[in-house]
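Next up: a single chain in structure tokens, the form predicted on its own.
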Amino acid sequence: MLEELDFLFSLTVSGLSIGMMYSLIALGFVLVYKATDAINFAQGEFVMLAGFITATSLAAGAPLWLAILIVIAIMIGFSFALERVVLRPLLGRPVVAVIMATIGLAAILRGLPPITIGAQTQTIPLPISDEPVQILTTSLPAVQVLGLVVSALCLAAFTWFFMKSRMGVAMRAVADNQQVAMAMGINVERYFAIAWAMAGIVAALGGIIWGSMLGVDTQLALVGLKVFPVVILGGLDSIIGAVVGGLIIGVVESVAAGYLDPLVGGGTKDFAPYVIMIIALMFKPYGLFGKRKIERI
């Protein structure tokens, strides 16, 4: 009985740490959706791009701190340019136009690395110990603990930004009603650009952490697909929902891998989150913390 409890505890702790790292990527979806009502289907590719930039900078001899500054600066610039050149002309168009634009962008980004720097897997070495970190009766890889800490700090910082800062309040106003925000003198287009830039920062940090843990190749973009159940479950417009949804999905994945994979031969953790997503769409279509939209007909 004690061994079973230890095993469950180990799976839960591992799931919570991975879930917080999912929440970091989910934050990119939430930031864009809160400000623009658009879903960025290329968020996983943003993470992949950031991973390649970091790995390439390190391979060129840049110290880690400089590589981090480079990837953040490039992702901010890329996000600004994307919003200005591609997405701003789509303002006022049907939502499906923005969705298709981000899907097309995702395909382009996935195709760039193989034809520029090659398709081989690259690494992002971080100056952390190879020894696992002991947490009560279980242990976690050091990079996973680092990802947990970075994700928690980022989520706390963005929560403070939206709740307490003047710019965050303005972004919330834009998210609530763009026309009213414009009438109040808020530069809506500027806050659209800021939202995309913040999503770029999140992708940069996610690319470093996930790239260090999984390796950097085109498959890293699949992290974005793994995050869809997180944002659907938690709510597309809720930072708290991104955290709770990430923790739930992380634990579901871990427990499914621990208990069901030995029975069916593996693979359950890859589809278990999508089962949760479908159930959430059936009973809570706006997510656990999402804002219900009421429209007059």
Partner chain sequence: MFYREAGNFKTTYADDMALFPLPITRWSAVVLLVLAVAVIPLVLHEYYLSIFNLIFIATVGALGLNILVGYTGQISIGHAAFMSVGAYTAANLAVKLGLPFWITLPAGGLMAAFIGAIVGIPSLRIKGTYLAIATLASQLIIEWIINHTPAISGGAAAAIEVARPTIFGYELKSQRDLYFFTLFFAVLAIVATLNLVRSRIGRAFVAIRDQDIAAEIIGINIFRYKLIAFAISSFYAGVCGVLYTYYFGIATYEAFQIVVSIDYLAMVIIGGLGSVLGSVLGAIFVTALPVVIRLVVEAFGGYIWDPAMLSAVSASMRLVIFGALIIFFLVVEPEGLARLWRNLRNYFRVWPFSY
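Positions refer to the first chain, counted from 1. These figures come from a predicted structure and were not determined experimentally.
The same protein also exists as the form predicted in complex with its partner chain; that form is not shown, yet it is the one meant from here on.
*Asks:* Is residue 9 part of the interface with its partner chain in the predicted complex - any heavy atom within 4.5 Å?
*Replies:* It does not: once its partner chain is placed as it appears in the predicted complex, residue 9 has no heavy atom within 4.5 Å of it.
*Asks:* Would residue 262 show up as a contact with its partner chain in the predicted complex if we use heavy atoms at 4.5 Å?
*Replies:* No, no contact at 4.5 Å.
*Asks:* Verify the contact flag for residue 63: yes if a non-hydrogen atom of it lies within 4.5 Å of a non-hydrogen atom of its partner chain in the predicted complex, no if not.
*Replies:* Residue 63 lies outside the contact set for its partner chain.
*Asks:* Is there a non-hydrogen atom of residue 268 within 4.5 angstroms of a non-hydrogen atom of its partner chain in the predicted complex?
*Replies:* Taking the distances in the predicted complex, the answer for residue 268 is yes, it comes within 4.5 Å of its partner chain.
*Asks:* Just to confirm the contact call: exactly one of 162-170, 176-184, 195-203, 102-110 touches its partner chain in the predicted complex at a 4.5 Å heavy atom cutoff, so which is it?
*Replies:* Looking at the partner contacts, the answer comes out as 102-110.
*Asks:* Quick check on this chain: which one of 239, 35, 232, 248 has a heavy atom within 4.5 Å of its partner chain in the predicted complex?
*Replies:* None of the others qualify; the residue that does is 232.
*Asks:* Is its partner chain close enough to 52, 152 and 214 in the predicted complex that each of the three has a heavy atom within 4.5 Å of it?
*Replies:* Per the other structure, none of 52, 152 and 214 touch its partner chain.
*Asks:* Select from 27-43 the residues with a non-hydrogen atom within 4.5 Å of its partner chain in the predicted complex and write them out in sequence order.
*Replies:* Contacting residues: 33, 39, 41.
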